[in-house]
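So this first bit is one chain, no partners, the form predicted alone, shown in structure tokens.
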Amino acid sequence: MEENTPPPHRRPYDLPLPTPPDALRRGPLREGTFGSALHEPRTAVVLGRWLGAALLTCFLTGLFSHLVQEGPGWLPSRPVNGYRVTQGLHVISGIAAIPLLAAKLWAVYPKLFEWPPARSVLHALERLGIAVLVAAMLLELFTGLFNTLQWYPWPFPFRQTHFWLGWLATGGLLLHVAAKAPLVAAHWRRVRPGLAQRRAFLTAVAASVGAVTLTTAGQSVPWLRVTDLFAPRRPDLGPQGLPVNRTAVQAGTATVPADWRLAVDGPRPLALSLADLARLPQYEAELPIACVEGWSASARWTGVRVRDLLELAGAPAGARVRITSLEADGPYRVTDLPAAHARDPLTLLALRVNGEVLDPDHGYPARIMAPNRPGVLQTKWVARMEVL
């Protein structure tokens, strides 16, 4: 450096922190503790690509499901299996991300014990951000997995927590990728000669992800049903061969009033008994129940077209319908049926499933079944339809 050249400007958060005394460098903090050649950038980048693809798929499909439940008016009624596909992808990618995250953490965990632990304020903040990112990912994936098992012991609400953790994990992931962009770019392409251990390790990880997917995806992918060994839910178990999340006992609707009538509030109000509904033209549709927890199952539903009821009630074209259940409470006791679904010929006020009268757990005396709609919005134990 020339004598008159000013020293390079250092920002306050780039200034080096004091190095801790060597007496603290014990256990995993000792140099050379981690001897595996796989704790290196190329392995971490390859795993990061796979993990990023799984998490991005999981985030986008989860965001789609959230928006559908918060504002169902924009969702078209076709394709019939649209929501089934997106929610199946959500749970499949979430489960696949668990072994990928474990492998990624194994590849980089020696970084936790690098020396010195923090070289500058900026470095310390980067490490804090990684800690938040990893915690958010672990909490997001495992609470989601436990929720599909219908085991949720934590006091905080699942749906809201899952939604905001998804944003936190995705935002943290994007920041992490931006901070590591030069390192990622340097190891994005394959270098030759490669490590034989790396190839074997990545093959084992890919095989693990494939095995997890093949043995769980059958809960939402019919042609993988034969390999469905460990899925949280079996789509063929339950009353009338269909799973149930909220039973009639849990909803307080096990006993239906003897004077039950379906109220249709419109320009020409209706009050229809089951016998009245049975005298109306009956239609059949093959429709899936697509649960937000990932499982889905198709069945033959029979009943009265909702659009026929709306025409009897004098509803104008393009009207939405508010559906109210007999249950006293519950987050989906009242739901709105958008016009696209209300006028779709496949949308039924279902009275029967697979040729049998609805079981109480499936919504006796009547439930809504519509194409391309989350299962939680297929209202059971219908009491009232209100033209909006």
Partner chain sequence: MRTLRAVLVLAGLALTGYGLYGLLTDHFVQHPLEIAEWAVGGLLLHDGLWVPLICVLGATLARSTPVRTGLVLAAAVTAVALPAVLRAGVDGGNPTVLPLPYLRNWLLALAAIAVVATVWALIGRRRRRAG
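Because the structure is a prediction, the values reported are computed rather than measured. Numbering follows the first chain given and starts at 1.
There is another form of this protein, the form predicted together with its partner chain, and it is not shown here; the text below is about that form.
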query	finding
4.5 Å heavy atom contact with its partner chain in the predicted bound form for all of T19, K111 and P117	no
S298, heavy atom within 4.5 angstroms of its partner chain in the predicted bound form	no
Contact of T253 with its partner chain in the predicted bound form (heavy atom, 4.5 Å)	no
is_contact(V121, its partner chain) in the predicted bound form, heavy atom dist at most 4.5 Å	no
Any non-hydrogen atom of P222 within 4.5 angstroms of its partner chain in the predicted bound form	no
Residue (of L195, L139, A278, L125) lying close to its partner chain in the predicted bound form, criterion heavy atoms within 4.5 Å	L139
One residue of V80, A231, V264, L89 in contact with its partner chain, assessed in the predicted bound form (non-hydrogen atom, 4.5 angstroms)	A231
Answer range among 242-250, 187-195, 279-287, 81-89 for contact with its partner chain, defined in the predicted bound form as heavy atoms within 4.5 Å	242-250
Residues within stretch 125-157 having a non-hydrogen atom within 4.5 Å of its partner chain in the predicted bound form	A131, V134, A135, L138, L139, F142, L145, F146, L149, Q150, W151, P153, W154, P155, F156, P157
